[in-house]
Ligand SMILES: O=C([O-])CC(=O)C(=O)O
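First comes one chain, alone, set out as structure tokens in the form predicted alone.
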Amino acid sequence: MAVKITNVYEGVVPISSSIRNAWIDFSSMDCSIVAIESDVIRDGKPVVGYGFNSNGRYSAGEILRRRVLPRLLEAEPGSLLDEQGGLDHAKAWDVMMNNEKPGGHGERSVAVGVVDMALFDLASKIEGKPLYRYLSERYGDGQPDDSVFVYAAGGYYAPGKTLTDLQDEMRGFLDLGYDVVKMKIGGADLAEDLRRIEAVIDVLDGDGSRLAVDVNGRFDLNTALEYGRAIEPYRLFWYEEIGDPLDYHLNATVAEHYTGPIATGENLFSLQDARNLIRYGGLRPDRDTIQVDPALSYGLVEYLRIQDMLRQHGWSSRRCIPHGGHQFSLHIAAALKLGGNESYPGEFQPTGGFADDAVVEKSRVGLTDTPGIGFESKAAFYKVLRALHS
């Protein structure tokens, strides 16, 4: 029996807080959520797929309501299906992108990514499989990773936050089972940031290789090089998003001078931009990390194209650790054998984080057997999602 989409519901959920990085604060941050209802009935109820966008980009409701969702709902039912009558994600992607000019990646890619996530949640639920197994069978080798490396992202600037507060935050991450942590830099002067870095390294038993630092694209070239010289002796886990995400020359120049690992890509939202990063960004496939977030970059359909491109350029999937810290990319990391996934143990609720009963041990977390992405195992967020179509 062919699957049919019967209803789509769209809304917005706040994920605001008083924290800030080097570029923005999160006082008004929100995100889009969608619920896609099908004609498949389980336990007397329609099977529903859910999606949302990662932190750092605002809700994309206008694009969803005016362009993406109407195209999906108005499409001929067969145009969304494969030969077996199941959802064909590439066909659905083409429908959502119908009559869109190339370029302009950003908020449009966020809107498409939200719906793409919901369609993958729906399809894997219909098959009664957790998403990582569904994906591994279709796009991987059928043998997904049974756990995924995760690091704890935090270390934001906040009003009144002291070095002791920062250290206590990081100790909390270690107590939760994380071995690797990340903090923000670039929102203070170099001297202050070095004090902050050294305070965190003290918590990590003096091991800088367990600490990543994130600039959120703030630095010009001179500042990037100055910080690089100052932090190189710490031998950090990585130096992240050093300058503007599209300034490939800056990234390449830093890579020539900074011998430690670099990470970037969370604000690149298309195959074309990711390809330009590989062509012109100077990244080194033996040590650097690509952080493209499937939820923000036109969804998994586009992310699979990015993975193909990376393979063609000699990159291993293990060099990819998506931004976002959520369940969707966790499933993708296990299915496609990526290098890991970001985690936000304390921020961006209710959307961020994994299943309520997820346990992190030595910076690795397992997957659930809940069909789909498993939002139902994240009670506070599922309550918000369920309210969309109650």
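One-based numbering along the sequence shown. Because the structure is a prediction, the values reported are computed rather than measured.
Quick note: we don't show the form predicted in complex with the ligand, though the next part is all about it.
The pocket of the shown chain is open, since the ligand, superimposed from its pose in the predicted complex, puts no atom within 2.4 angstroms of any backbone or C-beta atom. Listed stretches are 339-347, 60-68, 45-53, 31-39; the contact stretch with the ligand in the predicted complex is 339-347, by a heavy atom cutoff of 4.5 Å. Judged against the ligand in the predicted complex with a 4.5 angstroms heavy atom cut-off, the residues Phe26, Glu266 and His323 are in contact without exception. This chain is displayed alone, yet in the predicted complex one of Asp288, Glu169, Glu302, Asp214 has a heavy atom within 4.5 Å of the ligand; that residue is Asp214. Only one of Arg196, Arg108, Lys125, Lys182 comes within 4.5 Å of the ligand in the predicted complex through a heavy atom, and that residue is Lys182.
Heavy atoms of Thr368 never reach within 4.5 Å of the ligand in the predicted complex, leaving it off the interface. Of the heavy atoms in Tyr239, none are within 4.5 Å of the ligand in the predicted complex. Contact between Tyr227 and the ligand in the predicted complex is not found at the 4.5 Å heavy atom cutoff. Not displayed here, the ligand is approached by Tyr156 to within 4.5 Å at the level of heavy atoms in the predicted complex.
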